[in-house]
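Just the one chain here, the form predicted on its own, laid out as structure tokens.
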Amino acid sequence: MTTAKRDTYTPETLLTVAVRVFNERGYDGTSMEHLSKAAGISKSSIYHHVAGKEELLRRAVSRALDGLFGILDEPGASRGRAIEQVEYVTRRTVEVLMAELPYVTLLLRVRGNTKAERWALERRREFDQRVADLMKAAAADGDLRADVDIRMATRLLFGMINSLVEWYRPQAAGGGTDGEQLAETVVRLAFDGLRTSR
């Protein structure tokens, strides 16, 4: 008598595998067959946990978005001057990116081809707008240079932060760049150049 392999996957461990495969192959290039092979389980076992790959995508990008939006609810995001708030949000955004690297990487790669992707893009724009509003408030307070276009500065700030997914690897961070140091470096590079000299 042979015993069937017991399905030891949980929704969370399956999600981890799916995010890895989505990031390697691209969401559109990933089939349920790819996911089942990577997880070492049957497709029917996957369907026991989720309705399909789009549900896995939505769960993955939700995890990244929940981390980012959670920052905006932290006391540091609403305490003090607008410049202090935006610096706090920038620092914490880098920290969340590093803590949830595979999930944020996937979030930054969605293109709007599915309902879940369009939802994720809409939420990203909402987060970006909230940070842009903080930048505008800091400029209105006179804490950011008047000779710099704030919309452009905001885009460049997000570009710098988002580019971390392309090169930051936690295992490689042992070479002297810890997460706190990286977050502080991003804040200093961005805001030492943007702040007015008071």
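Keep in mind the model is a prediction, meaning the values are calculated, not measured. In this text, residue numbers run from 1 along the sequence as written.
Unshown form predicted together with a further copy of the same chain; subsequent notes refer to it.
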Check: Considering a further copy of the same chain in the predicted bound form, which of Ser44, Gln129, Ser31, Ser163 comes within 4.5 Å of it through any heavy atom?
Finding: Ser163
Next item on the list: Check each of Val50, Ala153, Leu65, Ala39 and return the one that places a heavy atom within 4.5 angstroms of a further copy of the same chain in the predicted bound form.
Entry: Ala153
Next item on the list: Give a yes/no on whether Ala140 approaches a further copy of the same chain to within 4.5 Å in the predicted bound form, heavy atoms considered.
Entry: no
Note to self: With a cut-off of 4.5 Å between heavy atoms, is Asp149 one of the residues that contacts a further copy of the same chain in the predicted bound form?
What the structure shows: yes
Margin query: Whether Val21 contacts a further copy of the same chain in the predicted bound form should be assessed with a 4.5 Å heavy atom distance threshold; does it?
Written below: no
Notebook entry, point to check: Even though a further copy of the same chain is not shown here, does Glu122 get within 4.5 Å of it in the predicted bound form, heavy atoms only?
Noted result: no
Notebook entry, point to check: Are all three of Glu87, Trp167 and Leu194 close to a further copy of the same chain in the predicted bound form, meaning a heavy atom of each within 4.5 Å?
Noted result: yes
Checklist line | Options 31 to 39, 51 to 59, 141 to 149, 65 to 73; stretch whose heavy atom lies within 4.5 Å of a further copy of the same chain in the predicted bound form | finding: 141 to 149
Checklist line | Interface residues of 179 to 196 toward a further copy of the same chain, as seen in the predicted bound form [heavy atoms, 4.5 Å] | finding: Gln181, Leu182, Thr185, Val186, Arg188, Leu189, Ala190, Phe191, Asp192, Gly193, Leu194, Arg195, Thr196
